[in-house]
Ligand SMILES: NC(=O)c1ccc[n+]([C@@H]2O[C@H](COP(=O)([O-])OP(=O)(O)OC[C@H]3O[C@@H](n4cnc5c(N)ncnc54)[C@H](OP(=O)(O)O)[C@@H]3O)[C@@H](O)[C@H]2O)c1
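A lone chain, given as structure tokens: the form predicted alone.
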């Protein structure tokens, strides 16, 4: 059997990826999240609040000798859509916990737990075009995704140096613009906090958004054929 661990698989892109993997009969899917909405005998729910420091530190991956293991750090939050100086300090801490600290801790635990497996081991961090773009009101999200990209580059480089014979393959993949609750949040934002709101309304009006199901299926295809992934940092196309 193969296993895929997905953070935030209860909604949005995470649920789309989980649903797509559940169609692959040789995969067990693990949802690492606060809540679970997917009912399937091949899905196991690992309840963790990724914004809770103690819950995250106490989390452990289950033991199993899978022939292929995948970690997808999908969970993320746009955070408070405000300019710096108008943001809640608490919201900044919380968003960075979910967007940056949790993925890094989980990667650390994942590598430590499964390092001795001489089998296929893949880590995918969900990135965004925001990693290299400037959007007012998005300072936390843009910085988070930039951190995710650099984290992925460094860990991939480390694997080449110390674990080349059975390395964890590490990627940061941007899924494009997907119709999720985050997009709804952007379309409802106050233009005083986010001046480019009209662009995202236009994307919706022009039906230019991917669906979570489309993105999920594309991730299955990439994970089943990692040679087709265009480098550590890439963006999917559908």
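These figures come from a predicted structure and were not determined experimentally. Positions refer to the first chain, counted from 1.
Not on display, but discussed next: the form predicted together with the ligand.
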Item to complete: Pick the stretch from 138-146, 115-123, 159-167, 84-92 whose residues have a heavy atom within 4.5 Å of the ligand in the model of the complex.
Response: 138-146
Worksheet entry | Touches the ligand in the model of the complex: residue 213 (any heavy atom, 4.5 Å) | no
Discussion item. Please determine whether residue 182 contacts the ligand in the model of the complex, using a 4.5 Å cut-off between heavy atoms.
Written reply: yes
Worksheet item: Is there a heavy atom of residue 20 lying 4.5 Å or less from a heavy atom of the ligand in the model of the complex?
Response: no
Discussion item. I'd like to know if residue 13 sits close to the ligand in the model of the complex, meaning any non-hydrogen atom pair within 4.5 angstroms.
Written reply: yes
Response to the item:
The one option of 111, 98, 131, 155 with any heavy atom within 4.5 Å of the ligand in the model of the complex is 98
Fill in: Contact assignment for the ligand in the model of the complex, among 189, 177, 43, 56, heavy atom within 4.5 Å
177
Discussion item. Could you pull out the residues of 69-96 that have any heavy atom within 4.5 Å of the ligand in the model of the complex?
Written reply: 74, 75, 76
